[in-house]
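The form predicted alone is given below as one chain in structure tokens.
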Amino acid sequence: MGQVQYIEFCIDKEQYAIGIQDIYEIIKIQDITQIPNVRSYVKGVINLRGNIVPVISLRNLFDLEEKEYSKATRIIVVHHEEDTVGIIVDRVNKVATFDDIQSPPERIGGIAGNYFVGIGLTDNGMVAILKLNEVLLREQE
């Protein structure tokens, strides 16, 4: 039985990961249509080949400083349970596996630990693995 694979990405210098089984596709940043009366981390919606997909910003969700999008900015489109949501990240790094995953602490760099499944340990440091249920449920509140 193979190891679980993750897509590793960055926001600022912090490394995060999402289980590859939840990822529908990764696209370049594109025009996002803003929608009124939504939380600050909901950036709007995109038209993904005829499907309207809400897009959220982890920067805003985690109360990090806003940053201009760059050529490296990507939208990771996840399909989790019944939801399809785009998540804006600074840069996608690679597909990764983790030999050792530790339980998350209560807070990770000022971010509540309940957003994370665990911390993957690599040769390059620690990678916080997102708990999509928490991230996406927060989006629906």
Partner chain sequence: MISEYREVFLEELEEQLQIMDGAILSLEQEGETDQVIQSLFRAAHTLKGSSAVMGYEEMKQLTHEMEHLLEQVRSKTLRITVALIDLLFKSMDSLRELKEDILRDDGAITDVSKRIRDLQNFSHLPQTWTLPVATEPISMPKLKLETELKVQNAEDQGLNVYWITLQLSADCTIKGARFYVIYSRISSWGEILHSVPDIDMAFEQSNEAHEFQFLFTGSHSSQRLEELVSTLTEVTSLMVEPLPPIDRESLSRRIEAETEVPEKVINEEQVQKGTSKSQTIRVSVERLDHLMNLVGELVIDHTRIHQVERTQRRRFSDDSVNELGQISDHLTRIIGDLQESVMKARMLPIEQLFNRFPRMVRDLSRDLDKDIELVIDGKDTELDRTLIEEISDPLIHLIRNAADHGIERPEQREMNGKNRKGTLTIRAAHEDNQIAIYVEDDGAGIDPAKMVKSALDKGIISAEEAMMLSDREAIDLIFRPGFSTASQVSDISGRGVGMDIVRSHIEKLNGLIDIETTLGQGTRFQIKLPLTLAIIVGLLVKLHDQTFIIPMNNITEIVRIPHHDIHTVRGQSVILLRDQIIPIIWLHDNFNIVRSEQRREYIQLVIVGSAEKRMALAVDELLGNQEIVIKALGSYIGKVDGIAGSTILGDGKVALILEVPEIINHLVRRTVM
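Just so it is clear, the structure is predicted and the values come from calculations on it, not from any experiment. Residue numbers count along the first chain shown, from 1.
Form predicted in complex with the partner chain: not shown, discussed below.
The partner chain is not drawn, but in the model of the complex it has a heavy atom within 4.5 Å of P54. Contact annotation for R59: none of its heavy atoms lies within 4.5 Å of the partner chain in the model of the complex.
In the model of the complex, at least one heavy atom of H80 sits within 4.5 Å of the partner chain. The partner chain is not drawn, but in the model of the complex it has a heavy atom within 4.5 Å of Q34. Within 4.5 Å of the partner chain in the model of the complex, a heavy atom is found for none of K13, N93 and I101.
This chain appears without its partner; in the model of the complex, the one residue of N114, S70, S40, N47 with a heavy atom within 4.5 Å of the partner chain is N47.
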